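In structure tokens, the next block holds one chain alone, the form predicted alone.
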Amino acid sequence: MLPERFIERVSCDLGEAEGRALCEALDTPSPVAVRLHPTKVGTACGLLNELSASLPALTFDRPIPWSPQGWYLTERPSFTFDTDFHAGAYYVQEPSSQLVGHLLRNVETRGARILDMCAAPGGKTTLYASMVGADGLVVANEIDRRRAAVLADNVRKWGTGNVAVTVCEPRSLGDCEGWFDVVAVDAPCSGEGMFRKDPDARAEWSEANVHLCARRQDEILREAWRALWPGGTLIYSTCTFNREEDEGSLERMLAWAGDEAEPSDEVPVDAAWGIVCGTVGPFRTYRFYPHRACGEGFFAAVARKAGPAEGIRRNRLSKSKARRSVVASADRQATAEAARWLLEPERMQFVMAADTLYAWYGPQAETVRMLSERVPVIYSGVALGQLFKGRLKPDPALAFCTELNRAALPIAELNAEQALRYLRRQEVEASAFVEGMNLVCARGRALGFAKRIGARVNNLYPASLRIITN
């Protein structure tokens, strides 16, 4: 049951008929949608017959008009038992939230630095990672360590190698003053937009929590604005209908930002999409109501920070002194071993963090190094693995990497039953493997590694990711 006070408020805000329509929509089934990996799925992204053959566990309905790789499904499959889901071929992402990519269509994102300030579980992070390319960088922050671990897992599975996952307060990232081309704040909120798909959101809702979230949003926006480069773009979003947390947050921000905020370029929004467009000062706003648009409740706003977009970007990441470096450049032997595992190793820089070898794309390598000296980075680039007697024992993340050189080791192609046994970390039949390390694939998409030793196969799939349901 919807909270009584919520029903009263939306009826007041929208009018009785519109408020009733919204509440009725919140008791209907949620749409199911995915966003495809543009590299792992490739040209099939836009061709329905090829797409259905490429991802047979999914039943595609129609494209999401504001998301180039987004698709509605006719029904919700059992994602847990789809090997393509585990291979990172797609991300299960609510349709409304995919709008953030559309809002950046007039922004030069290739090679950009994007800060996703409240990033878990990673839907928007992986979208931004596909947009910035190998020359760009996404810094994905999550203050909660448990949620940050989930975020890091999803970043590994997406496999683009251009994300750094941090765990810190927004203030620490605000100290990266004028450093990001785009800052995205998907703010913690009262979650009214999730009432349809999450019964707990209804039970946990209260007006007191609305006020608490609004205060937290104000603090985050201050730090986000500090981190944004003059001429850069701010995206603010929530999954609530509450004006105090949506338009109200923007109004409170403009009270102190003043003329520093200016309108962004307008992006086309077809009236048939059902999105309610508006403005709050220089901010362009976009609101999803489930009775109007095919998606959950969602609010987004975008504006630019006044100032020239050109010039030399400041690389000072903190007013405080940097901590002792936690990474070191890989030596010649480690670099040579790492190079044979990647398609274009000349694009990479290789570093050691603790006992793990990592690859960072060259254009942002120094940036990631500086970042890791100032804030806690729990994952960055591509974890290649550990070296034993000069040979690499690959990290599970390397299997998902789009830059993996598959010629570096034999490939074990498993059928559906074998693949699910592998994903459960159960014993798998040795006949599908050759002696030594193997890349484990299903439908041609990598799932991880396994090592055959005689008649036995050592299943190297991470225990933390294994399928535990029947």
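So that there is no doubt, residue numbering starts at 1 and follows the sequence shown. From a predicted model like this one, the values you see are computed outputs, not experimental measurements.
Keep in mind the form predicted in complex with ligand SAM is missing from the figure; the text below concerns it.
With the partner omitted here, the stretch from 275-283, 204-212, 113-121, 132-140 that lies within 4.5 Å of ligand SAM by heavy atoms in the model of the complex is 113-121.
The single contact residue among P363, P230, P376, P188, judged by any heavy atom lying within 4.5 Å of ligand SAM in the model of the complex, is P188. R147 is the sole member of H291, R105, R147, R222 with a non-hydrogen atom lying within 4.5 angstroms of ligand SAM in the model of the complex. Within this chain, R226 is remote from the site of ligand SAM in the model of the complex, having no heavy atom within 4.5 Å. Ligand SAM in the model of the complex is approached by R216, whose closest heavy atom lies within 4.5 angstroms of it.
For the chain shown alone, G159 is not a contact residue for ligand SAM in the model of the complex, no non-hydrogen atom being within 4.5 angstroms. Ligand SAM is not shown here, and in the model of the complex it never comes within 4.5 Å of any heavy atom of G174. Counting a residue when any of its non-hydrogen atoms is within 4.5 Å of ligand SAM in the model of the complex, the one hit in 153-171 is P170.
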